[in-house]
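This document opens with one chain alone, in structure tokens, the form predicted on its own.
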């Protein structure tokens, strides 16, 4: 076996892949982002649209990415180069690797804050918050300290790098088998505590009883954007994870399992957040500050609230970690495959790169005034990075992958790859229609909408 093959590694089992891939998909997008986006967009109506987009758009694109990865046994850039050498299609892979590092950079800033708040809650620093205004001030002071923001960014990236250094089976697979059950158990405990609060019924009604009159064009855009962001699509993460799959593994059942668990976790996160909000008479449309500002202001009103709050932030930290390891792995796999770097060298250099790129985002919460509101864009650096990498790049990447799979590589090539070793591609006709027509048209419309309106996911 060549040294590069040893460095690449592979999954020990199909279950290991599903857990790791689900971990890649399950992150802050499910537990931090999903509740506040759902809260801003009508609750249950948004949830139904989100589930539909996961099934109709997310699942077909995931199947395509996994097939590309397993067929080539390559990273995103190497995969497109192997399928069509000396063509411009490898630009999709390049965009994916850059997007992965870009998202890792700003994502780790928010992930670092979850560790910080976990520490604050355990140490009793948030015990006596009187309301959202005081909570807002505490968060502003916390994030405006450059040493705190950069320090927690560094800590979180170190955790991520440690796991990726271990390789595919002994690092990523091993740790996600520990972290994912922990995440699920924490969610169940917190959801039970939340729905048993006095007044929680109103939150359940908001979350589970749809009012379709609240649907707007922006609701559709955000539901699709949430599906793409949550499933880690359009940036090569699933191509990378698919490249470690055995030919015996069933891609269809694997993709369905990942989408199912990702959606389940998002739904459970809503069951943690909304009953608690309504029980305390708070606004569900709390925006990005929902977790860091609104929720801490109600913990002291809940019996055992500090433990409830610490559990939420531990949950967020674990979920974020299962995603950041896949973001880092996208870039690491490229340098291992194409540049013949050792895994250690690739991991260290890419972690340092992400850290350096993340510093401006970490300083954009008040530490450096012009980074808090960039003159040309009128938004902060972290918001700009989220727009570029977490919105436009993911949508464009997903669109190009759908077009590539449907028209360039071809639906029959995907069918052949999936049906190797006796596996059947039962819904092939339906998948072929969605990947060739529904996915490109829907994603193009939404991409056009966010470009014209400037409304981000």
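Residue numbers count along the first chain shown, from 1. Fair warning: this is a prediction, and the values are worked out from it, not measured in the lab.
This protein has a second form, the form predicted in complex with a small molecule, left out of what is shown; the following refers to that one.
Is residue 25 close to the small molecule in the model of the complex, meaning a heavy atom pair under 4.5 Å apart or at it? Residue 25: yes, in contact with the small molecule in the model of the complex.
State yes or no: in the model of the complex, is some non-hydrogen atom of residue 107 no more than 4.5 angstroms from a non-hydrogen atom of the small molecule? Residue 107 belongs to the contact set for the small molecule.
Just checking whether residue 30 would be counted as a contact of the small molecule in the model of the complex - the rule being heavy atoms within 4.5 angstroms. Looking in the model of the complex, residue contacts with the small molecule include residue 30, since a heavy atom lies within 4.5 Å.
Contact label in the model of the complex: residue 364 to the small molecule, heavy atom within 4.5 Å: Residue 364: no contact with the small molecule in the model of the complex.
Heavy atom within 4.5 Å of the small molecule in the model of the complex - the one residue of 160, 114, 176, 326 that qualifies: Of the candidates 160, 114, 176, 326, 326 is the one lying within 4.5 Å of the small molecule in the model of the complex.
If the cut-off is 4.5 angstroms on heavy atoms, which of these, 183, 350, 255, 237, is the one near the small molecule in the model of the complex? For this set of options, the contacting one is 237.
Thinking of the small molecule in the model of the complex, which stretch from 225-233, 352-360, 130-138, 145-153 has heavy atoms inside 4.5 Å of it? Careful reading of the contacts points to 225-233.
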